[in-house]
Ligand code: NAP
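Just the one chain here, the form predicted on its own, laid out as structure tokens.
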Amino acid sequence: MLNRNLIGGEWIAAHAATVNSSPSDTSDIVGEYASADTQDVENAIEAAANAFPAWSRTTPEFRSDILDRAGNEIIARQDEIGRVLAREEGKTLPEAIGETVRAGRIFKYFAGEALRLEGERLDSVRSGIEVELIREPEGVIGIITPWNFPIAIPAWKIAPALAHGNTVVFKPAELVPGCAWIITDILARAGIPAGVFNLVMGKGSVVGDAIVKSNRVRAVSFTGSVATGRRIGIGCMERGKKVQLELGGKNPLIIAADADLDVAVNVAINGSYFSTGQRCTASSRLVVDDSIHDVFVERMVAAMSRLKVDNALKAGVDVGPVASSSQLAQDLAYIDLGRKEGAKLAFGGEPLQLDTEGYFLQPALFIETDNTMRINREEIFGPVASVIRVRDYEEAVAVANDTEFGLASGICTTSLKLTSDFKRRSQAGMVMVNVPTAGVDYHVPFGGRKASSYGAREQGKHAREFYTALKTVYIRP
């Protein structure tokens, strides 16, 4: 069954398969999963287009019940699904289970949102005419997701798309097909009608490209790399599609002079290194006031020395493996680049040989860096962070905002004045005060500014801005 895509309500065998192995132990084969070709994608899009008229006219309660059943099953199977997630992506088992529960709660939240879609009635400026604003589903939605959150990110795209009456063609990252297959299986058994939700696993250059180019796909939601996102954005705009892009980040965390250092170190460790640093919201630039720089670095090194790196399934592990051999190579290349740029490694940065053959990397902390270095300009997407020493708070804010990205930012401070000032001056879509930059709630908007995001926000009630079209109706009774 794993070597099948769900197309038009049927599990269709693919012409090719990819082997999914664990980054914690390359001999651990999670499964062999389908790899779709262009015809498979076209069939899926056709099925979604054919299913749209009937699905878009179903009652909100009908859609709500399906999403609620799916959410309940995900939560009930959290240990089982979390284990698959940890095996195929490399998150520690507790993190993987936590992500699974979050995905279930996202489905349940949007089960409620299906019942909360609102319109407006306005009086016209012309006598005897009424105006109604109504929201309608867009149509077929192409959903393309990354590997770093293999169940949560699909959930926060799929659930609102279905809740608001759209049909879906879903292409997960090729690296993590296991969670995608499980979500699909759960939705199918929750009662999703044939063709409403379609899974096409495979290469982005094949599946993703076909989704973007199809005239039947009315909107595309993508999370992934900046380069790929820009190509998708251009392709969608050329064809008049609505597009939503969540891309990279180079997120700053300011450690102000008055910060509680215990809080600051905990926030920095969590934001920089948990989930192996493979989060677009990770704290990759630690902007530290000169007056506390040395003691902060000392405490960071001490905390990092206590982090346990190992197989994601083992108990007591803090940091799992990097997700793939290519990602490990990229991380090591940036660590080498940092050294060449003149940065000093205060801790880590070496590949680790452990009991199993995997992609293990000791978390790295650079010091003696400045904001012009490439390691502080480009997204590394691994357990690598840099400390940037600044004279004072004003310089810290300037450095924090000096980036093409604007996803998340943070500050550790005990000052209400600095908190109030920074939350307004930060040029990021999400601002965290004394909490890690990585870690967001599912019922509030997610998204950034500048090169980090394009289009409507994800999650919460604001998701409707992307997954619905606003129609203005004039009526003379």
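Start at 1 and count along the sequence shown; that's the residue number. No experiment lies behind these values; they were computed from the predicted model shown.
A second form of this protein, the form predicted in complex with the named molecule, is not displayed here; the remarks below concern that form.
J.: Looking at N148, T184, S214, T403, which has any heavy atom no more than 4.5 Å from the named molecule in the model of the complex?
T.: By the 4.5 Å heavy-atom cutoff, the listed residue in contact is N148.
J.: Go through D331, E95, D289, E379 and name the one with a heavy atom inside 4.5 Å of the named molecule in the model of the complex.
T.: Exactly one residue meets the criterion: E379.
J.: Going by a heavy atom distance of 4.5 Å, is G82 a contact of the named molecule in the model of the complex?
T.: Result no; G82 lies far from the named molecule in the model of the complex.
J.: May I ask you to check whether A152 falls inside a 4.5 Å heavy atom distance of the named molecule in the model of the complex?
T.: No, A152 stays farther than 4.5 Å from the named molecule in the model of the complex.
J.: Wondering, does C280 line up within 4.5 Å of the named molecule in the model of the complex on heavy atoms?
T.: Residue-level check for C280: yes, a contact with the named molecule.
J.: In the model of the complex, does Y33 have a heavy atom within 4.5 Å of the named molecule?
T.: It does not: once the named molecule is placed as it appears in the model of the complex, Y33 has no heavy atom within 4.5 Å of it.
J.: Assess the spot marked by K171, E246 and F446: is the named molecule within 4.5 Å of a heavy atom from every one of these residues in the model of the complex?
T.: Looking in the model of the complex, the three residues K171, E246 and F446 all sit within 4.5 Å of the named molecule (heavy atoms).
J.: Can you pick the stretch from 120 to 128, 340 to 348, 226 to 234, 296 to 304 whose heavy atoms fall within 4.5 Å of the named molecule in the model of the complex?
T.: Only one stretch qualifies here: 226 to 234.
J.: Check each residue of 182 to 208 against the named molecule in the model of the complex and list those with a heavy atom within 4.5 Å, in sequence order.
T.: Heavy-atom contacts within 4.5 Å come from G202, K203, G204, S205, G208.
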